[in-house]
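One chain is shown next in structure tokens, namely the form predicted alone.
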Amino acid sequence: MRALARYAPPALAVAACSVALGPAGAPSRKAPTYASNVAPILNRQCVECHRPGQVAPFSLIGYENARKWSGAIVQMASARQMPPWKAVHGFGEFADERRLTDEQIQTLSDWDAAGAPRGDAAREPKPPTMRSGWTLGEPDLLLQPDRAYHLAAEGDDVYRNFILSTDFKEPVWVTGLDVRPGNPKVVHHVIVFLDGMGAAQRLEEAQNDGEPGYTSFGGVGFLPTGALGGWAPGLRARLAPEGTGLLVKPGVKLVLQVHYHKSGKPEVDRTQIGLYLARKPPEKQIGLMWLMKPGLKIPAGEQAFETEIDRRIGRDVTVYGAMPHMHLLGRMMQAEAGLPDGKRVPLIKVEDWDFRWQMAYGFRKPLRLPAGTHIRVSARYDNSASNPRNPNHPPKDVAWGEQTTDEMFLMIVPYTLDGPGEPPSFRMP
């Protein structure tokens, strides 16, 4: 769904390497070539980000670029760090799953080991045509911070929150969100939250550091009253399912959180968001289940601390996706639904959590969950000295909170009620 932006379509199957007979008559694999085997993979899975003017640090368009980076391609693909997709394949079914198969990774590895041969240049497929503007055409409403943000050259990543005033005089139904990074070199990912309490304005005034917005970590510094979605490299914006939309009431502020990677020199950014609006109220309002454990406490030294929550749904609902969220100690999070008839339905599992990749995953097909269904969310954390991401040295007890040294246990699930009524905020339907 568009409210939870998704990744580009999954890769097409790549033709297997041809087989020839070796000197002793035994089958031997012919080395893959860029033209026949590698270009289709890169064009489908990589060049959307790895092209000029985009967030990736180098281009993979064309043979010469691919040959130059062949070793790095294999290293990142084998470690499954690229393409960025953290959900475990087969535990839940997702739209636009962006991941490489084992066969594709082996093809890339064999190609690099063979010296990255080009093959027949005349048969090389052309790179896909990418839209340079908004994915779904010109948005109905374009919003951006009042002024540009100045990012320092070096230091830790920055999570900056910009308050976007809407001045809506009546309720507005949002059916789509798209993001246009102002400076693709430093914008890592973006999430748009809703603030119906004026909390963001108070935080900006208290911080008052001369730049627009305010800095936080992990969250936005307060419990938001909703969210519109987000963007990360490779995500493809989509519209919400037909007949659904997210409600933004008059007076509600939009909080644009931008995660910045520093580039080694001073940078300037003014990221824009585009909203697509319904012409009339949709049949169903999208709500968000906030499945969380504010009482979380992780003892110092625990290398595999596990915890879980179990929440019962009191209404018939349809769910559309899931977005897990932890901080630096997080290692694994999964969610599954237990139906009243005893059947268990996997929703999502992230085995190798990485805070740098905040992703929202849309289901391939919406799931109907009847009243009485239990959603069980479990998580594992590493609060030991052996965790290189642990911000505390030596480790100390860590509880729920907004700071770098705090943690979170949160799963956000977008849903609609199958019957009449407005989805409740911050409690189970």
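The model shown is predicted, which means the values in this text are computed figures rather than measured ones. By rigid core we mean the largest C-alpha set that fits within 1.5 Å across both forms. So that there is no doubt, residue numbering starts at 1 and follows the sequence shown.
Absent from the display: the form predicted together with heme C. The rest refers to it.
Of 304, 206, 72, 153, the one that lies within 4.5 Å of heme C in the predicted complex (heavy atoms): Spelling it out, the residue with a heavy atom inside the cut-off is 72.
What is the one choice in 126, 356, 202, 89 with a heavy atom within 4.5 Å of heme C in the predicted complex? In short, 356.
Residue 212: touches heme C in the predicted complex, heavy atom cutoff 4.5 angstroms: No.
Answer yes if any heavy atom of residue 327 is within 4.5 Å of a heavy atom of heme C in the predicted complex; otherwise answer no. Because no heavy atom of residue 327 falls inside 4.5 Å of heme C in the predicted complex, the answer is no.
How about residue 56 - does it come within 4.5 Å of heme C in the predicted complex, if we only consider non-hydrogen atoms? Yes, residue 56 lies within 4.5 Å of heme C in the predicted complex.
So in the predicted complex, is heme C close enough to residue 248 to count as touching (4.5 Å, heavy atoms)? No, no contact at 4.5 Å.
Picking from 158-166, 137-145, 80-88, 191-199, which part of the chain touches heme C in the predicted complex when contact means heavy atoms within 4.5 Å? Heavy-atom contact with the partner occurs in 80-88.
Even though heme C is not shown here, does it sit in the predicted complex so that 45, 76 and 100 each have a heavy atom within 4.5 Å? Judged in the predicted complex, 45, 76 and 100 all sit within 4.5 Å of heme C.
Pull the contact list for 246-262: residues with a heavy atom within 4.5 Å of heme C in the predicted complex, in sequence order. The stretch touches the partner through 261 alone.
With both forms fit on the core, is the shift of the CA atom of residue 54 between this form and the one not shown 2 Å or larger? After core superposition, the displacement of the residue 54 C-alpha between this form and the one not shown reaches the 2 Å mark, so yes.
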